[in-house]
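The data below hold one chain only, encoded as structure tokens and taken in the form predicted alone.
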């Protein structure tokens, strides 16, 4: 059977779809940051683009759908950077500090959208743990398991350590963005020392045992 040929017309159509989808995502980021999730409607988003009013529904089902897509896009941008830091780590401090510094730098650059996510998680029961966000948590857990196996981290519970790192990262980021200007370096140093102090105590306890 002959292989179907992709025509330039099909390529052009797919490229246009990708451009339109990204234009809607970019507009949604701006509107969510300006108005907040609750006050935003689909008309506000599409009004920030050059697209027709019905075009939105060719790509997204609802306001919640595009919000979820933004969270997934954020996770897809951040996850490779975090993994690269963890994989290259040769010590506990490098493993912990590299991830925190990367995360806090990203939050500082995406401050307005982070505020939207934070406010939504506080005031409205919305799914902020999307498939890509959850995949990022699982990557962290697997990298912890690998680091324990390589002797970089002490033999602690990977799930608990993953939850501790993720929880500290999110809560410290909440405080960091309230400072003027935000201080990613200071936030990373504080969070790193907090985790390292706990791991040091646990390693000492395991050695005593």
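Positions refer to the first chain, counted from 1. The structure presented is a predicted model; accordingly, all values stated were derived computationally and were not measured.
Omitted here: the form predicted in complex with the DNA. The next part is about that form.
Only one of 42, 156, 162, 152 lies close to the DNA in the predicted complex, with a heavy atom inside 4.5 Å, and it is 42. Taking non-hydrogen atoms only, residue 52 approaches the DNA to within 4.5 angstroms in the predicted complex.
With a 4.5 Å cutoff on heavy atoms, residue 174 does not count as touching the DNA in the predicted complex; it lies far away. Residue 29 falls outside the set of residues with a heavy atom inside 4.5 Å of the DNA in the predicted complex. Although the partner is absent here, residue 141 lies well away from the DNA in the predicted complex, with no heavy atom inside 4.5 Å. Partner proximity in the predicted complex, defined as non-hydrogen atoms within 4.5 angstroms of the DNA, places exactly one of 143-151, 162-170, 62-70, 175-183 at the interface: 62-70.
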